[in-house]
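Quick setup: one chain, the form predicted alone, written in structure tokens, and binding and motion questions come after.
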């Protein structure tokens, strides 16, 4: 019997009400297990039908097996770009949220402008502007004699990809951070102010530690989405999953085989990330309860 269904210590198993309650719990558990089993069967049937349909379309599984190692090498690039981007995006989102909540018209205006512009333009266009547009500005500055300043605008493909993803997701996550900070009751702010804390001390010691527990699940969801959106950086020639799959697909026109492999790898990354996200959420919830 699991911890959730275990009866309390000293329970009287001869009590009819207790026995009925245990039977009800056991029945509910059997219903849940039966439902999970049925859903698993549906998934299995769908996978078999999908696989059979692919074989009818003359999909070459051997080609996928022969080249899976080449595409797998791009997984680490995808993970690295996504991790670096989500860290920078979280920092941008924190400052953006603080700016929106500060009441300072300059900070509020800058953060509001940043969020509006980034959320109002496609990520792919932002990638092109950063990778192809910024070097153009850098060249003009170098021509004008600002050599050092001009070199700052010339970024590598990976740097451009990380910057674009960070700016894009930072804008969306700004609202997540703002909502998380606002979810903390005003009573705690008033208590912190009553004991003489400054605004920064209150935010660092009282508000942010509690807001993190609210924000973490959404950050995990954004990271999962970012792993898939990182496929867009392949347009800059970054050797991640999509770029490697596309490179092989063009060699022998095996587009279905290679992009199915890429899709499967992204799906696996999503499952793994979801697992670790749920573990982290349970750990944070347990720590908060204690």
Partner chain sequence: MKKLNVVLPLMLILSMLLVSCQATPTPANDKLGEILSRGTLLISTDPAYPPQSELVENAQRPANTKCTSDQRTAAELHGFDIDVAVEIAKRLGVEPCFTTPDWTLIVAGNWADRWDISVGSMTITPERMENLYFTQPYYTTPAAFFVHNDNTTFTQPSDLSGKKIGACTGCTYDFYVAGTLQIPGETMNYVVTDAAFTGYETDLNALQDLALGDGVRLDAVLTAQPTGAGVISDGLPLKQLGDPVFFEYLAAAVDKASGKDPKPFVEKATELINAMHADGTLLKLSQQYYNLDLTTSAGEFDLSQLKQW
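Positions refer to the first chain, counted from 1. The structure displayed is predicted, hence computed values, not measured ones.
Omitted from view is the form predicted together with its partner chain, to which the following refers.
Undergrad: Establish, in the predicted bound form, whether 202, 259 and 270 all lie within 4.5 Å of its partner chain, using non-hydrogen atoms for the distance.
TA: Spot residues vs its partner chain: no contact at all.
Undergrad: Though only this chain appears here, would residue 70 touch its partner chain in the predicted bound form if you measure heavy atom gaps against 4.5 Å?
TA: Contact check for residue 70: yes, within 4.5 Å of its partner chain in the predicted bound form.
Undergrad: Looking in the predicted bound form, any heavy atom of residue 224 within 4.5 Å of its partner chain?
TA: No.
Undergrad: Does its partner chain get within 4.5 angstroms of any non-hydrogen atom of residue 231 in the predicted bound form?
TA: No, no contact at 4.5 Å.
Undergrad: Could you confirm whether residue 265 comes within 4.5 Å of its partner chain in the predicted bound form, counting heavy atoms only?
TA: Residue 265: no contact with its partner chain in the predicted bound form.
Undergrad: Its partner chain isn't shown here, but in the predicted bound form, which of 188-196, 159-167, 204-212, 174-182 has heavy atoms within 4.5 Å of it?
TA: Single hit among the candidates: 159-167.
Undergrad: If the cut-off is 4.5 angstroms on heavy atoms, which of these, 117, 123, 83, 152, is the one near its partner chain in the predicted bound form?
TA: Contact residue from the list: 152.
Undergrad: Counting only non-hydrogen atoms and a 4.5 Å cut-off, give the residues of 218-257 close to its partner chain in the predicted bound form.
TA: Those in contact are 235, 236, 237, 239, 243, 244, 247, 248, 250, 251.
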